[in-house]
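One chain comes next, on its own, written as structure tokens: the form predicted alone.
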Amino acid sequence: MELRDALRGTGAVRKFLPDYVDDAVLFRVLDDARFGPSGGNRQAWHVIVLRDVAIREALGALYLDAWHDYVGHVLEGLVPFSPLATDDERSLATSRRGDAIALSQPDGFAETIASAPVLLAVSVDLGALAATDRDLDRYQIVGGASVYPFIWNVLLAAHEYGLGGVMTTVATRREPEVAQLLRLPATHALAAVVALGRPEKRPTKLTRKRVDEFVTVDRYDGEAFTGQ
């Protein structure tokens, strides 16, 4: 696959064929993905391949519980868990949890994540992150730069081998319970859960903003960068 095609065509896949994914294929995916960049090349990630049905189901239950919170925000017209949300907005979102549960679909991704052909839990060693924004009076984001490029590489590599998948951070809403379930060290945080498999249907028409809609010259309010 050409790199340009991979960059433009690796969309989120949440519905999978029941096909078994061979361990050798998964190993090759992870072997390619490991070259993702990280701060100081410390490669602070750890991947858990989830096989045990009981563990998968327990994680799935925690994921679905967190998903209801997520949907409550959507129903209230909010960006879920936005760092800029007010306490009143968060309270309103919480009040919609019952509505979110009522909308649950038996064949939805959140309801069936435990049955994904491949299910990975990716944690990150907090002690290895160069979180240069840790002392700023705002939400911290920089540390993620040392783990999420690797996870994106997993999705790109999976595409190369005919797989599709999605990275989801919803389960971090229940991180203490997930950490106990997966026996994560106290120094590790849950970065994401990744589901992979043979896609029922691969998205081919991805919609994204144009470059001139998010790139400006010299300042945030500068003129749009058009490449002309």
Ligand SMILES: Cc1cc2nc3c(=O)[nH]c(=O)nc-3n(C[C@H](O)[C@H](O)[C@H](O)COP(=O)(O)O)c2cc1C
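Residue indices: 1-based, along the sequence shown. Quick caveat, the model's predicted, so the values are computed rather than measured.
Separately, the form predicted together with this ligand exists; it is not shown, and the next lines address it.
The single contact residue among L196, L62, V170, L26, judged by any heavy atom lying within 4.5 Å of this ligand in the predicted complex, is V170. The partner is absent here, but in the predicted complex a heavy atom of V166, alone among V47, V166, L182, A189, sits within 4.5 Å of this ligand. Partner proximity in the predicted complex, defined as non-hydrogen atoms within 4.5 angstroms of this ligand, places exactly one of 63 to 71, 32 to 40, 174 to 182, 49 to 57 at the interface: 63 to 71.
Although the partner is absent from this view, R208 contacts this ligand in the predicted complex, with a non-hydrogen atom inside 4.5 angstroms. Contact annotation for F109: at least one heavy atom lies within 4.5 Å of this ligand in the predicted complex. A residue is said to contact a partner when one of its heavy atoms sits within 4.5 Å of a partner heavy atom; K15 fails this definition for this ligand in the predicted complex, lying far away.
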